[in-house]
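In the form predicted on its own, a lone chain appears below as structure tokens.
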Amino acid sequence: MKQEANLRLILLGLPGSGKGTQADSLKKKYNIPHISTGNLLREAISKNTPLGKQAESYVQSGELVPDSLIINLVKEEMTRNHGARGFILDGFPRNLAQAEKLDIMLKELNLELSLAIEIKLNEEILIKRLTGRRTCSKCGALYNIYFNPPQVSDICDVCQGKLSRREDDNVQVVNNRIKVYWSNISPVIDYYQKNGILHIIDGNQEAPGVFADISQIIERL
């Protein structure tokens, strides 16, 4: 596939599997929008919008936000980006009803999916990725106390700002997110496998390796 070609891609994987990192890299390479429901929801929550108010309690407890809220959010964003050459969906669909609704939305826009890629990750590694995440309150630099720790505990190497952890990045919430994820996503994986567009990538390797594997699949289109 040429870099200017149209690409409509879904990235599937547990929270913390690296979907956002891969989506950002693919966005740069293929110059297409990255639509992340997680980012859209966090923005809505930070701005205290009506949708954000409804979604906040679900996010903090690790539960999935109701389909009706997510679908409206994605539809609005996809309509805004309709003129772009494709899209990368990250965090949507998360259940079979959302997958079916997405197909209906795409048909209304005379579009169809190119690929669905599942990034598979060992759950023990995942828990460390999520519970170990730290963000600088001043400059936004990212760290992980297990894989990429700061030189001084809880202090940013770049600006000496204080590092903080998201409220939902604790073991109890993470374990609940894993349980909820698998109970909803298995039918989605089967759905795209039956449609012949599902590919599985080893997410336990470093990010460049994951990106190389995804790029190889795209180039074969």
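Just so it is clear, the model here is predicted, and its values are computed rather than measured. Residue positions are given as counts along the sequence shown, with the first one as 1.
Although it is not shown, the form predicted together with adenosine monophosphate (AMP) is what the next lines describe.
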Exercise. Is adenosine monophosphate (AMP) close enough to 17, 99 and 123 in the model of the complex that each of the three has a heavy atom within 4.5 Å of it?
Worked result: no
Seminar exercise, completed: Among 136 to 144, 86 to 94, 100 to 108, 114 to 122, the stretch whose residues bring a heavy atom within 4.5 Å of adenosine monophosphate (AMP) in the model of the complex is 86 to 94
For this session: Please check if residue 177 has a heavy atom lying within 4.5 Å of any heavy atom of adenosine monophosphate (AMP) in the model of the complex.
Result: yes
For this session: Indicate whether adenosine monophosphate (AMP) has at least one heavy atom within 4.5 Å of a heavy atom of residue 161 in the model of the complex.
Result: no
Exercise. Should residue 27 be counted as a contact of adenosine monophosphate (AMP) in the model of the complex, where contact means heavy atoms within 4.5 Å?
Worked result: no
For this session: Indicate whether adenosine monophosphate (AMP) has at least one heavy atom within 4.5 Å of a heavy atom of residue 52 in the model of the complex.
Result: no
Problem set entry | Contact residue in the model of the complex, from 156, 65, 35, 44 (heavy atom within 4.5 Å of adenosine monophosphate (AMP)) | 65
Problem set entry | Those residues of 163 to 194 which, in the model of the complex, come within 4.5 Å of adenosine monophosphate (AMP) by heavy atom | 166, 168, 177
